[in-house]
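Listed next as structure tokens is one chain, alone, in the form predicted on its own.
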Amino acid sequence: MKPRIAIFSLTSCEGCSLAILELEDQLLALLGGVEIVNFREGMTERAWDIDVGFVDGAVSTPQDEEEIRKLREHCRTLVAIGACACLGGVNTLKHQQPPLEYREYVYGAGAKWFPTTSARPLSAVVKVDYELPGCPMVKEEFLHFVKCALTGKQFRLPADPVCTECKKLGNLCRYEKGELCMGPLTRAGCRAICPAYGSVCEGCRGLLGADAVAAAREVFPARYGVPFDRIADRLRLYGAYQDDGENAISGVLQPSR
């Protein structure tokens, strides 16, 4: 039997799910090796015997938490796709405001009818087997993951920063242009798409880890005159949950004392 895969969405724009549909002809070829049994964006049928479940979006409501626990039960392998599912994503920006304030801003007088919780990555609630980060998820990385799963090969995310991809492409470093870029701290795998098209890296693929942050504390202020507080503030755009004390790299975004 073909492996049975499914794609689900929690609180998100569902851009990562749509990225799968954007594979087009490659997706059709992929269907020769797998069976998609549950995918709201692409089909009406539903089945719950799932070998690999892909989930985008953050856990940001009580319903999200209930849903991800249900999905964990039905999926032999659970894969978080995109910055929201892997890091909490832009949903975590609400942590910087009082709950009543952001709820009333979004829902107005009817805010009480829409319960919410803190925005969290999937891994804060259930066991996640793999992560495919990015905003949106890199669709080619999704394809590579599925191919690895089909052939029994081990899948690994790149262990280098986005800067390595910039160098290979011959991009002028954004720091040399006086801009604040998260490339030195962010996991590669996106082909440095933002710097390649004239923008800075915003860190949507998550921090490489504490070692990279420690280097940034030393290098950025000394070489570029950038206080580390500014770096930490920028990283919170996609990964505010990374420094709330509950993540495996908790505290690395906090200013040195």
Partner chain sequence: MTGRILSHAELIELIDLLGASRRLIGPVRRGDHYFYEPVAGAARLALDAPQCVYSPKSFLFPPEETLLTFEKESGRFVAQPVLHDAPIALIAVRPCDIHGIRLLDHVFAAPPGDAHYEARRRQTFILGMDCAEPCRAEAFCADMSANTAHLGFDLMVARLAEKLEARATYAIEAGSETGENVLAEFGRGRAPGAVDEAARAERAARKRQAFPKRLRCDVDELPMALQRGFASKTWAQTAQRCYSCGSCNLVCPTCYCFNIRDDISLDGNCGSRVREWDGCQLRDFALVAGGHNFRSDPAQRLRHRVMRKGRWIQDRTGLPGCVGCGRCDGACTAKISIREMFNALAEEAGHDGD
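All figures in this text were calculated on a predicted structure; none of them were measured in a lab. Residue numbers count along the first chain shown, from 1.
There is also a form predicted together with the partner chain; it is not shown, and the following applies to it.
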Problem - Proximity to the partner chain in the predicted complex (heavy atom, within 4.5 Å), stretch among 205-213, 38-46, 56-64, 192-200 - result: 205-213
Exercise for the section: Verify the flagged residues Met1, Ala6 and Tyr107 against the partner chain in the predicted complex: is each one within 4.5 Å by a non-hydrogen atom? Expected result: no
Practice task
Could you spot which one of Leu71, Leu143, Val126, Ala149 gets a heavy atom to within 4.5 Å of the partner chain in the predicted complex?
Solution key: Leu143
Handout entry: The single option of Cys166, Ala80, Ala119, Cys135 touching the partner chain in the predicted complex, heavy atom within 4.5 Å
Key = Cys166
Exercise for the section: Mark Asp160 yes when one of its heavy atoms lies within 4.5 Å of a heavy atom of the partner chain in the predicted complex, and no otherwise. Expected result: yes
Problem - Interface membership of Pro98, the partner chain in the predicted complex, 4.5 Å heavy atom rule - result: no
Exercise for the section: Mark Tyr175 yes when one of its heavy atoms lies within 4.5 Å of a heavy atom of the partner chain in the predicted complex, and no otherwise. Expected result: yes
Problem - in the predicted complex, Leu30 touching the partner chain (heavy atom, 4.5 Å) - result: yes
